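Single chain ahead, written as structure tokens, the form predicted on its own.
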């Protein structure tokens, strides 16, 4: 069996989630490769050594560049604040490593395109952490749409609303700083766009509006947006609406998606992530939508639990995501969403930023097109 060695950069919330997945993936899914947690990097050597011990890594370093250059590291796993994703991913690709990176891929769409092009030129496997799209009920939704259960898709409605900054007296931290976070609420929309990319297709035109509700917080000015609302036109003729807010009291992870077609509608809510709601026109009646509860009949669920209704969680979706990455490295399945797919998502958010500045509809440019692009927050 081939052995792959993982190098993890960052040991915060997302780094811990990735470490849990790395230890669990071989237990949950039969693997064509063996994964070893080899090296962990953090901002200083003492913190790195402590977290390597806590998270089960063989070695540690206080220098992420040393991790990227280490010949014993095959996969570079990036779980750092947003502004570090691009330089780290670029260095890893230039070193010939496979790269697993949290979203967003970069702060500027030009950088995302550059990374996608470099990954193709170096023949490196890449994956971006849109783990909500790995939910088995989303896989089921994709199958229902592909089989024609909804008929011709004509409308999409998506949200990603949370209240993590609804308190105006709460410090914003790095997420409200343009140099570190880039986008604000618009950056969270990438999760909805990863779902629409899998289920519906690519947006071709957008019309968006932004709002900064709280312009000043205890730790300084807010430099990016609190709320986003947008209209979209998709390949295939569907239209849609999409919104995001970090100011929505009571919403903890209000990532929802509703897809309507000529023969029915399906609805998903991440706060109830083990359910999919389906309404078919040939099942009309007072009962309305039918709940499909996640169970062993759906793909991937049975690997975790043989009984229906017990449910999967956030970290379980990371295990599925890492399984797919290892399969791509082994050559048994394509990687999705790879850097090219993530660059297309970044192109949509960039188009939304341009739409807001111009005050009208704009086209979504092809990430493969020339030009360096710019920061979506310009």
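Positions refer to the first chain, counted from 1. Just so it is clear, the structure is predicted and the values come from calculations on it, not from any experiment.
The same protein has a further form, the form predicted together with a further copy of the same chain, not shown here; the description that follows concerns it.
Contact check for 47, 171 and 198: none of the three has a heavy atom within 4.5 Å of a further copy of the same chain in the predicted complex.
Only one listed stretch (290-298, 115-123, 82-90, 216-224) carries heavy atoms within 4.5 Å of a further copy of the same chain in the predicted complex, and that stretch is 290-298. The shortest heavy atom separation between residue 202 and a further copy of the same chain in the predicted complex exceeds 4.5 Å. When a further copy of the same chain is considered in the predicted complex, residue 42 lies well away from it, no heavy atom lying within 4.5 Å.
Contact annotation: residue 350 falls outside 4.5 Å of a further copy of the same chain in the predicted complex, judged by heavy atom distances. In the predicted complex, a further copy of the same chain sits within 4.5 Å of a heavy atom belonging to residue 281.
Of the listed positions (138, 95, 181, 144), a single one reaches within 4.5 angstroms of a further copy of the same chain by any non-hydrogen atom in the predicted complex, namely 144. Shown here without a further copy of the same chain, the chain has 311, 312, 313, 314, 315, 316 in 311-337 lying with a heavy atom within 4.5 Å of that partner in the predicted complex.
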